[in-house]
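Heads up, the chain below is alone and in the form predicted on its own; it's given as structure tokens.
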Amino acid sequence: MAIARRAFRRFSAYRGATFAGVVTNTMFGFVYAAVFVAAHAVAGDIGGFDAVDTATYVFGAQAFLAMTGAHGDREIAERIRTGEIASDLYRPVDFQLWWLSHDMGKAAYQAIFRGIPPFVVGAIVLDLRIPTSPGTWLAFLLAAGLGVVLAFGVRFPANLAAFWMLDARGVVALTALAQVFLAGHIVPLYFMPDGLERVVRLLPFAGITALPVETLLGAHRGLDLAGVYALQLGWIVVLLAAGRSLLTAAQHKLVVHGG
């Protein structure tokens, strides 16, 4: 908890960047909403969702961008490249859990100060679907929390590639690109062709953004909601284990580039 609180305070210092992010997310929210609502005007309901659902989805997905590090957070990779990782590994704390806690504190800050404001503006200007059931909000918050952990599970191994590469920016950037598209930030998954949608929904990226936001819309209930949590938890276990294995391999033979 202490690490998460420190991360929250750290990002609260960047008020200018937060304000710029709010403006950017809000503007892109309106652009994407206009495009997809126009598609509904032609095709009607898509995948069981109407225009109001999709407008709500768009602003919900915008809130998840910074919250889940979809822009391609490579702080760990940079610390490996500069050699600062050596001091990190000497800390009397678990390296992977330290950075996971850091991510949770960062996500909490981004959710409150960069995620909620664009959604509020969108709700004022457009007709968004705001849940009235406390159960829906609780289901969403749990799915969102698991989505943050899942996003860390995806990014952590990509950053660890810096142990074996002089520059891991390409790996991190490709991972971020896959996350932005396959998590449903650019195109809602239910807009995809049926065959592609079924495959994408089985990947870990769907549990980062698309499934939590669909939970907010009330699309997942009962056994279906349990399936969402099971998919998220299953991929979290697999990815954290993969990250742990890579970290162990890297610690056996550590090569510090640049120092």
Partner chain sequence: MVGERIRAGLADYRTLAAAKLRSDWQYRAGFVAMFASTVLVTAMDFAGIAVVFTKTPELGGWTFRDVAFLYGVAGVSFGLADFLVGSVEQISPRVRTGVFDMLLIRPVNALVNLTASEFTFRRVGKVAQALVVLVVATAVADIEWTLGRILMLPLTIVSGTVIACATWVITASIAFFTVETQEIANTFTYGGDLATSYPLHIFESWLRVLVTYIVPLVFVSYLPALYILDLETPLALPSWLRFASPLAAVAMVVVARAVWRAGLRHYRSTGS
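As the structure is a prediction and not an experimental result, all values here were calculated from the model. Numbering follows the first chain given and starts at 1.
One more form of this protein exists, namely the form predicted together with the partner chain; it is left out here, but the text below deals with it.
- Here is the short version: of 100, 108, 123, 173, the single residue with a heavy atom within 4.5 Å of the partner chain in the predicted complex is 173.
- Taking 223, 31, 230, 199 one by one, only a single residue has any non-hydrogen atom within 4.5 Å of the partner chain in the predicted complex, and it is 31.
- Although the partner is absent here, residue 169 sits close enough that one of its heavy atoms falls within 4.5 Å of the partner chain in the predicted complex.
- At the 4.5 Å threshold, heavy atoms of residue 49 stay clear of the partner chain in the predicted complex, well away from it.
- By the criterion of a heavy atom within 4.5 Å, residue 192 is counted among the residues contacting the partner chain in the predicted complex.
- Heavy atoms of residue 181 reach within 4.5 Å of the partner chain in the predicted complex, making it an interface residue.
- Just one listed stretch, out of 181-189, 86-94, 132-140, 153-161, contacts the partner chain in the predicted complex at the 4.5 Å heavy atom level, and that stretch is 181-189.
- Residues of 15-33 that come within 4.5 Å of the partner chain in the predicted complex, judged by any heavy atom, are 16, 17, 19, 20, 23, 24, 27, 28, 30, 31, 32 in sequence order.
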